[in-house]
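The chain below stands alone and is given in structure tokens; this is the form predicted on its own.
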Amino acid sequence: MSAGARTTAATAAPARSPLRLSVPLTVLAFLVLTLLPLWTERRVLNDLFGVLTLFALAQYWNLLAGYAGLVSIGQHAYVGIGAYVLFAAGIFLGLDPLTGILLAGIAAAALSVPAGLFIFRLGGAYFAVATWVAAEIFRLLAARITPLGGGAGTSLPPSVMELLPGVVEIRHLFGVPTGAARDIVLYWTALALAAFALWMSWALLRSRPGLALAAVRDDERAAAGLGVDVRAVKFLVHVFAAFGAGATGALIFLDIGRISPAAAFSVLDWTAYVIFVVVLGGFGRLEGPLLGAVLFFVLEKAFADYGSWYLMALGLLGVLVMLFAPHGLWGWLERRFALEWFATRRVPPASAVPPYDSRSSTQREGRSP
């Protein structure tokens, strides 16, 4: 094909640009969700609380597996750590729950450092197994904390829930009972954590470390050859995901009000379901966990009463998605309709790209080739 034909073909090819209305529509959706307690029922807020917390956990796991290539099956370790730190902070230190959530995230990130020094010595399937082993170690240690109930667990005292900020103000402002006001505060906190997970993931991928992360995801050896510290980039994502999982886990068990090692470190609830959500929505795409969390919630509400048949159907659905839409449902939509909601790629403006000239530099300078 001649240079002129290539130029014509490149000009005729449609541009795969992100949706221009994505930012204003996202802000509008966030405002609507923020104001939702003004007109919706308490039951709806509780359902959305589950969707938002599941989305946050899935977004952090997607950052690990979809972008850093770290397939962890032990991410429930940091959910459990965050939950136990929240209970300890409220019962023994008398801290309000929102401060306890922040402390839980920090503690999970801090404990992820020594755990990472161990598991990062392994790779591939061995890395995945090592994350599960680390989670089991944390579960066994939590079962030995007798002041928090040991293996049987404990409940959060009502006095700790009374320290939850904003409950009194919302009760008077909305004219609702204390329980409903507490649910509104928890819902707003879940919305804030979900927005934080999405925004921080987007900001990280748009930053210089994010460019290094993209290079590592595409070709780890080539990235290392270009001077990227592959281990440091992956470790940064590992610690950040641990912080998010710890804070989200603390909020989840604050809402439940009771903790036990089996529940806090449940591989099914906090890792298996999260992986399914990411597989359903799409690996390596910020939109994937959001779509997957919504679909998973709809499926759970519609078919959870079928017991083991429901779990088998979920497994079959996951297999079908991996076979016929290996990039997830959002990946299929992206390829089919050239749709990208949260753009992470930097596209230079058209004015910054010089027009193509088929003549060589010597021809432009008036010299013969």
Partner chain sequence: MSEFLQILLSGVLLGGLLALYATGLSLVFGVMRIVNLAHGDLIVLAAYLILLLVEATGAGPGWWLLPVAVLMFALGWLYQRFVLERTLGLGLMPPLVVGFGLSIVLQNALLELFSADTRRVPAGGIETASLALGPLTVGVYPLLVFLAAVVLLVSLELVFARTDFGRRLRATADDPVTVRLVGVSPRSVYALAMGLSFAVCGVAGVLMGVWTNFAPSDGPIRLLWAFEAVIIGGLGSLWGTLVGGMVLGVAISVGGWIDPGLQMLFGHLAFVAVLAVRPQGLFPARGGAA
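Residue numbers count along the first chain shown, from 1. Note that the structure is a prediction, hence the values are computed from the model and not measured.
Another form, the form predicted together with the partner chain, is not on view; read the next lines as being about it.
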Is it the case that Phe118, Arg121 and Leu140 all touch the partner chain in the model of the complex, with a non-hydrogen atom of each within 4.5 angstroms? yes
Taking the partner chain as it sits in the model of the complex, is Phe337 in contact with it (heavy atom to heavy atom, 4.5 Å or less)? no
Partner proximity in the model of the complex: Gly331 to the partner chain, non-hydrogen atom cutoff 4.5 Å: no
Heavy atoms within 4.5 Å of the partner chain in the model of the complex: does Asp96 have any? no
Can you check whether Phe324 is within 4.5 Å of the partner chain in the model of the complex, heavy atom basis? yes
Give me the residue from Val133, Val160, Ala214, Ala263 that has a heavy atom within 4.5 Å of the partner chain in the model of the complex. Val133
One residue of Ile73, Val230, Val167, Ala192 in contact with the partner chain, assessed in the model of the complex (non-hydrogen atom, 4.5 angstroms): Ile73
To test your reading of this chain, name the stretch in 64-72, 46-54, 22-30, 297-305 whose heavy atoms come within 4.5 Å of the partner chain in the model of the complex. 64-72
At 4.5 Å, heavy atom to heavy atom, what parts of 289-306 sit next to the partner chain in the model of the complex? List them in sequence order, or say none. none
